[in-house]
Each structure stands twice: as structure tokens, then as C-alpha cells.
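Only one chain is included here, represented as C-alpha cells and corresponding to the form predicted on its own.
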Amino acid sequence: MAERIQDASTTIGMVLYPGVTLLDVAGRYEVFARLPGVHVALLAAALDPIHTEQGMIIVPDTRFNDTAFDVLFVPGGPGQMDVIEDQHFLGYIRRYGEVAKWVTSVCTGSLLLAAAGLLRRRCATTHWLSMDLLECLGVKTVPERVVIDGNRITAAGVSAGIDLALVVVARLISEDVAKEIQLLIEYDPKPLFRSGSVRTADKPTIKRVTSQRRALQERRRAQIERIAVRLTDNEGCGD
């Protein structure tokens, strides 16, 4: 039977891998680590330093193991493509998710949850550039900043993970505590430009960003389509 970390009333497992987006991790950690009686584990296949998408280094403190967590959090980033077909990696995501009270992700972390079979017949969201890819994995996408479906909570791109963390805190403890943390970290976004969402950004900006990420997204699409075929074949064999 899976064991829970001692001396903590609530445990949160945050998954790391090379090429993860730093803000996907750091924003959530900043919120979760402020909770009393909560242990936040930085999970990885090994304890070696991990280079994030832009090169900053994070050092994990917990190897993948059979510990059970109350909250599973999976971030996104270009490195997601390097682990989404790693069955050892996905196996741990699946096992953690099957016993967690809350299964959460931000950005393309939802692609990892879907590949692990944790978003089947669920509504979810992801980064706007990858919404159609999440649909390829059999997920009903909802273009919202945070989407809740049962005990699955997914957030859109990168900065939306702070919203997700506050939603998780409100459900784990209380809205009052979530409000206190929001005030403490002064999370009161008033962006200088209305370009933080594909719904508000002007068309030239969307075109430039899409062009800049085209090569990455094409590689991601080819991979997701390959995974989608395997998932469909597996369902056809009975489950």
C-alpha cells in the first residue's frame, strides 16, 4: 500500500523534468509552500539538477516512489515532449493520479495527464497553442483559465497556474486562506497590454507568436497524433 509522508496533514507532489517551464513550477510552489501543515515534494526520476526551459536550475528533493500525495501537480514546457512517451515516467504520473485527491496541471502538463489516461472523458484546458492537441487525446477542451471537472483541475498557459494554485488552496483549506495568500503575494494582475489571451490579443501579435512556435508545435502535433493512435488502439482491446 502507498505510504504518505509523515508529519504533514496535506502532501503535494510537483512533478519535474528537464525542459519544464520555470513559472509553471515556481508560481505554484510560491502559493503551496505558504500553507501550514503542508509538505511540497519536488518529484523527479532522479535527484540530479534539472535545467528548465530557459536554463535556470531546479533541484528535485524526492525521487519517483510509491508515496501517495493529496495533490498531484504536473507542469508543462517543451520538455514535455521528451517524457510524454516515456512509459516509466507516465506510469508514475498514472499511479500518483489514481490515488490523489486532486489531479492538477498547468499549460501542456495536461497533455501528460491525458497521455497517462487521467483525463479520459474529462473537460480540461491547456496552453492556447495546444488546445487542439489535447482534443486529439480524447479530452473535451474548455477555453477557460482554470477548468474543474470532478477532482481534475487544469489551467491554461504558464501564469494561469497561480490561479490554479489558489483554487486548490480554497478547496484544500478554505477560501479565506486562499484570499490571504493572494493578498500576501499581491497577486492583482493589471497587465499593461491586452495580449495575455488569444481572445484579446490583436491578430498581428497572434500571428507572430504562432509563427515563432510553429516548428515546436509541428513536432508536438506529430507526436500527439502518434500517441492518440496508440491510445485508441488500446481502448479497442478492452479496458
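From 1 onward, residues are counted along the sequence shown. Keep in mind the model is a prediction, meaning the values are calculated, not measured.
The next section is about a form of this same protein that is not shown, the form predicted in complex with another copy of the chain.
Query raised in the report: Is the gap between residue 89 and another copy of the chain in the predicted complex 4.5 Å or less for some heavy atom pair?
Result: No, residue 89 stays farther than 4.5 Å from another copy of the chain in the predicted complex.
Report task. Please run the contact check for residue 211 against another copy of the chain in the predicted complex: heavy atoms, 4.5 angstroms, yes or no? Result -> Residue 211: no, not in contact with another copy of the chain in the predicted complex.
Query raised in the report: Would residue 163 count as a contact of another copy of the chain in the predicted complex, using a 4.5 angstroms cut-off between non-hydrogen atoms?
Result: Although another copy of the chain is absent here, residue 163 would touch it in the predicted complex, with heavy atoms inside 4.5 Å.
Query raised in the report: Taking heavy atoms only, is residue 195 within 4.5 angstroms of another copy of the chain in the predicted complex?
Result: Flag for residue 195 set to yes.
Query raised in the report: Which one of these stretches, 94-102, 155-163, 132-140, 111-119, sits within 4.5 Å of another copy of the chain in the predicted complex when only heavy atoms are counted?
Result: Of the stretches listed, the one contacting the partner is 155-163.
Query raised in the report: Does every residue of 84, 218 and 227 put a non-hydrogen atom within 4.5 angstroms of another copy of the chain in the predicted complex?
Result: Judged in the predicted complex, none of 84, 218 and 227 sits within 4.5 Å of another copy of the chain.
**Report entry** Within 4.5 Å of another copy of the chain in the predicted complex: residues from 42-80 (heavy atom criterion)
**Finding:** Contacting residues: 42, 53, 54, 55, 56, 57, 58, 59.
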